[in-house]
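First, one chain by itself in structure tokens, the form predicted on its own.
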């Protein structure tokens, strides 16, 4: 196992170099740079532009900029942000942590809901409950997350309108925007944690919706296939408890596709919640990334890329190792 891990890590080095080189070349193909707005301003002198180009290294060839940037990466330095003239790590740390809150909660919802629903649907195949779960799953796969977030926001406001006689008119069933309440700074540490968690429930559920729908359908199909296998019939003929057959024997094999998807989960942790963050005004990765793209702050964009690439490679390695744990037929030497 150890030699296999070492070989995989060695093979990841050229992959990482190729991914960062390709991303850097693409960023250089975009017309202009961060100083475009200053060049168009009549109030900024050419000497100032030249000094800033030299300070940011924009006056050098792209390959020189790349090697300088890679040299910084070897020192665990993601470079300097053009916008705030501060380290990229300082710019992206807080948005990543904010997005992690949403994504971690959504992952907990994903597995806590998808696995029981998938097993339940497979065990009660073609029942009314199975058909309802299938219909909801197709709905979750079809509707875009950002649109579903807007629908939920509308439903929450309508609920407040219909129940204003029973609830405080200024309070909503769930928060629909921002990450914290207006009095957040006045709260205790525990109250701050609860406040953030309360604000994250709705957007986290929206982020998890498509994943719940997809994995429920996958697990249902896998469970149906396993429950019709010879070893399951043998286990039933021996008088084993049906719950033990479902969860210990069939589920262990059926869950293998879930383990294989772990490789995509780690980069998903910093991939953020996408446009859902925009809809609910959550200060996560997507707003920061869009601002960096608009301003052509390439080192901030590349900083997100580097972290997501590393997590993707690490996630694939972890998923391969976990597959060997779940499936005894797989062995690595």
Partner chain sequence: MRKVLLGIAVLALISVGLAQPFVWPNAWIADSEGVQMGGTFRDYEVSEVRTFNPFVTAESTGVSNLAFQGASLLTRGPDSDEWLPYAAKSFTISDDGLVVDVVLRDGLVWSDGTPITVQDYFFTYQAETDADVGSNSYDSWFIGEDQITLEITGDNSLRFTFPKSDRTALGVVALTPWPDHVLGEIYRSGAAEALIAAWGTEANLAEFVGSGPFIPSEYRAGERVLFVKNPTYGQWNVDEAGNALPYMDGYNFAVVESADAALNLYLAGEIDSFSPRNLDDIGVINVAVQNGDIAATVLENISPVASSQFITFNWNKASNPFLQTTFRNVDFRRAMSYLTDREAMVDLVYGGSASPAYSSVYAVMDYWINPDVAKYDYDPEAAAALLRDIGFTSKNSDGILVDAEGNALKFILATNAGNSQREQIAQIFADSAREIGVDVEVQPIEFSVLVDQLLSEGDDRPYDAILIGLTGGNRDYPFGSNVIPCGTNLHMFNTSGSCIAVEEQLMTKLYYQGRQSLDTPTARDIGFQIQKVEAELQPIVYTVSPAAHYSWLNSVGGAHPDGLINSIVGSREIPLTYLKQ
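Rigid core here is just the name for the largest C-alpha set that superposes within 1.5 Å across the two forms. Given the structure is predicted, the values throughout are model-derived calculations rather than measurements. Numbering follows the first chain given and starts at 1.
Although not depicted, the form predicted together with the partner chain is the subject of the following passage.
Stretch 79 to 87 is the answer when you ask which of 251 to 259, 127 to 135, 207 to 215, 79 to 87 has residues with heavy atoms within 4.5 Å of the partner chain in the predicted bound form.
The partner chain is not drawn, but in the predicted bound form it has no heavy atom within 4.5 Å of residue 274. Residue contact with the partner chain in the predicted bound form: residue 61 places no heavy atom within 4.5 Å of it.
In the predicted bound form, the partner chain lies within 4.5 Å of some heavy atom of residue 180. Put simply, residue 301 is far from the partner chain in the predicted bound form: not one heavy atom of it is within 4.5 Å. Screening 143, 232, 73, 153 for any heavy atom within 4.5 Å of the partner chain in the predicted bound form leaves a single hit, 153. Residues of 273 to 289 lying near the partner chain in the predicted bound form, listed in sequence order, are 277, 278, 279, 281, 282, 283, 287, the criterion being any heavy atom within 4.5 Å. Fitting the two forms on the rigid core leaves the C-alpha of residue 26 displaced by under 2 angstroms between this form and the one not shown.
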